[in-house]
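This document opens with one chain alone, in structure tokens, the form predicted on its own.
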Amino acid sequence: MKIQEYQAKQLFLQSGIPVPTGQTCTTKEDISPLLAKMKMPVAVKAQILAGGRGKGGGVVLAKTTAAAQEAAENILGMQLVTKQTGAEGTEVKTILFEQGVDIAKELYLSMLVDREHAGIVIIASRDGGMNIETVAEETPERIITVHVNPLLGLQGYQIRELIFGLGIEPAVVKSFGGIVRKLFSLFMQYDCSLVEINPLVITSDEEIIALDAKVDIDSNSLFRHPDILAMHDSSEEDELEAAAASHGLNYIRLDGTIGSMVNGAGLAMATMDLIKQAGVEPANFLDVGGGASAEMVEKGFRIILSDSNVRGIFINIFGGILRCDILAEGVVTAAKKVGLSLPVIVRMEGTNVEEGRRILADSGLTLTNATDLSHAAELLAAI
């Protein structure tokens, strides 16, 4: 689960990591009163769960109150488009005002799960700021990576490797090392998959401050972190994905026209490959799970049908814990309730498969049984 920058900075402060003084604003009426309490310059920052805000016009450093007022009014409510939002952009519903700092040097620092080495990798660079992706592509030698074994924890020699690699000045060595240790503790404490500070700045007063903050937490660990769960904001989520999550369904909306329903993540991936091989594109990833009930199948079916781009549905189920007759009952119930008008191809094998096929055949609905995957591909290509 991703959290907003201002929320991540709350965690940083709790961990002892310095951040600029700031306050959030959600209405244009509150802009002027909030700015009246701040000294110039002020950074006006859009709060959305996407990177590249600065290049998209979502971050403005204002040197006067008037400039800050104008920037805030322009940013709050705008549809901010970045490389990560797609062409449709994301509406800015919250902005963060932050006190400006006198920057002498910008660094990049992040930690993330490294599956290749079964550990945590720290990535750092002397070149912090908006163009860090360009640095990684064009001058990869300026990127420092340090691998940490989570069972052993962060070691002193690894911090020194970062200090020497980044050319940290002696005056801030101690504070830099402290920030790295605190960031690593936060990473472990909150089951993070990513923490990123870009930029981590050294000021002219030789202070180190996290000017930005990005935190992504493993959603499977949220039962251990009610404080993080309370930060969840569904306003930026796809409405169908949010609806599916509320029913315990694993659903991701895609750009195609063929909706799919399967039981098992591996089967879902194979099913999407089959749809593409048939010359059409999948409209979603939907895994109803191995132990889904007829009610869950019905809800999943409704979610697929709620996508206006869907013009056909492929249901690919291997009946084990989820029996084929249970699946068939769910499909028939949902189809009758929503008034099904789209072609539906069903391929099922496994427990109670004959009973499942009988339920579909006796439903009176236009449901096509595929005898195998090859037959299913032929039917999909014809939609």
Partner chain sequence: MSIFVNKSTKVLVQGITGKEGTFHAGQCSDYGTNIVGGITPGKGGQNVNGIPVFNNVTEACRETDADATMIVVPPPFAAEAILEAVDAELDLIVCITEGIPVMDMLRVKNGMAGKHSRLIGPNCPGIITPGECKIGIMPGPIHMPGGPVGVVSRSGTLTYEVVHQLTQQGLGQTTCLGIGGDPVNGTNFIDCLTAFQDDPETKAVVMVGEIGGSAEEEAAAWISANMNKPVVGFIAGLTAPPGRRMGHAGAIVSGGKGTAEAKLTAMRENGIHVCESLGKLGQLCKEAFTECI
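Positions refer to the first chain, counted from 1. No experiment lies behind these values; they were computed from the predicted model shown.
Only in words, not in the display: the form predicted in complex with the partner chain, which the text now covers.
- At least one heavy atom of N220 is located within 4.5 Å of the partner chain in the predicted complex.
- The partner chain in the predicted complex is approached by S374, whose closest heavy atom lies within 4.5 angstroms of it.
- Using a 4.5 angstroms threshold between heavy atoms, I208 stays clear of the partner chain in the predicted complex.
- In the predicted complex, the partner chain stays beyond 4.5 Å of every heavy atom belonging to F176.
- Interface residue among M272, L80, I123, L166 relative to the partner chain in the predicted complex, by the heavy atom within 4.5 Å criterion: M272.
- This chain appears without its partner; in the predicted complex, the one residue of F187, Y108, F97, F301 with a heavy atom within 4.5 Å of the partner chain is F187.
- Across the proposed site, L35, K63 and Q158 without exception lack any heavy atom within 4.5 Å of the partner chain in the predicted complex.
- The partner is not drawn, yet in the predicted complex one stretch among 67 to 75, 244 to 252, 306 to 314, 195 to 203 has residues with heavy atoms inside 4.5 Å of the partner chain: 244 to 252.
- Contact annotation for 259 to 278: residues with any non-hydrogen atom within 4.5 angstroms of the partner chain in the predicted complex are N263, G264, A265, G266, L267, M269, A270, M272, D273, L274, K276, Q277, listed in sequence order.
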